[in-house]
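First, one chain by itself: the form predicted on its own, in structure tokens.
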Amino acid sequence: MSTSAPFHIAVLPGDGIGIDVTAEAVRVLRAVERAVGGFALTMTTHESGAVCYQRTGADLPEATIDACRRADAVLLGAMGHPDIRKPDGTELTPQVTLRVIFDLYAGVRPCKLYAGAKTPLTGLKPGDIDLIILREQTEGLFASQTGGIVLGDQVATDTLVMTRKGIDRISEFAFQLAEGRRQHVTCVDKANIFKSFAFFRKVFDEVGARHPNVTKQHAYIDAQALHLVQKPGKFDVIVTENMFGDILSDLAAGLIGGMGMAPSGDIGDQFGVFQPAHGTAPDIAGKGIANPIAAILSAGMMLDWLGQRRNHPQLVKAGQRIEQAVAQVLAEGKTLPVDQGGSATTQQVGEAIARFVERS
């Protein structure tokens, strides 16, 4: 089968286990490239993260930003280190900076329970949890990331920001996602207390009126945290503000086996960055015990997004093939990562998924 011009993927391994898991995601991407055919990937690696900052004074060098801007998609490992901080004491968060630079307003966090994955909930079968948490990522409380104020070492303030444009586009993204799934969207807010969240709900409802075939509902954030644990199977697409989404996505990850099972995509109208939802875990970096599945699933999300965006069926097929291979490895149970109760190394898990990709 003939191939189109190569798709350029900028790879940013970052720090800690980001380096370990990204290597396995790249391994699986090469395997699916061979197995599916019809496309080619040019993957180039670029410096970023806390260690880069420590060495060069920049956590996102201009050359790296430029490479991301020119790429068709970005594959990111994990960034940051608790012992490497800015002069004001805050941690480095170049992944958040990327969201601002490239207007990556949609934080897509799929949470799916696979056979073989550990869940703290009893009585659930594979597939009983299959939802997406959608974070608005350019506004909300995170809008104050560099704008908070401390007065006289006595008072500190951070401002939560909502705009009609921001709410409209994340709500539209949610309804379009749901139209390709089970056609149900839940808006999570705190509209009974805060005017900003009442405004979020109002604009969400206006967007919902444009999608009459999709069922919508509302939930307050505290109740939603409870419902995610008690009845996670009832949810399809959950859309919310930045900070609420940050918290709920970690809670949901805990229900499907932990952060090592949680992929994500940071998506805008022009750019997409795909990364595992976990952090850098420097205490286990380089020890071969990090779970690479979240990174590998993120690579699959990247191919699916790129295929949909470029109308390229082979890329979509490749993304699906990666998820199928992950599901097969977990269900088989012979090569489980440590956090899922197995003893396989990071590399062994990646190799097993790559083998399933090529034999599927």
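Counting begins at 1, following the sequence as shown. The structure displayed is predicted, hence computed values, not measured ones.
Absent from the display: the form predicted in complex with a small molecule. The rest refers to it.
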Quiz item: Heavy atom to heavy atom, is M259 within 4.5 Å of the small molecule in the model of the complex?
Solution: yes
Quiz item: Is D283 a contact residue for the small molecule in the model of the complex, using a 4.5 Å heavy atom cut-off?
Solution: yes
Quiz item: Would D339 count as a contact of the small molecule in the model of the complex, using a 4.5 angstroms cut-off between non-hydrogen atoms?
Solution: yes
Exercise. Answer with yes or no whether I17 is in contact with the small molecule in the model of the complex, where contact means some heavy atom within 4.5 Å.
Key: yes
Practice problem: Could you spot which one of I170, L76, V185, A290 gets a heavy atom to within 4.5 Å of the small molecule in the model of the complex? | Solution: A290
Practice problem: Let me know the one among G279, G254, P126, G208 whose heavy atoms come within 4.5 Å of the small molecule in the model of the complex, would you? | Solution: G279
Quiz item: Pick from 160-168, 271-279, 132-140, 219-227: which stretch has non-hydrogen atoms within 4.5 Å of the small molecule in the model of the complex?
Solution: 271-279
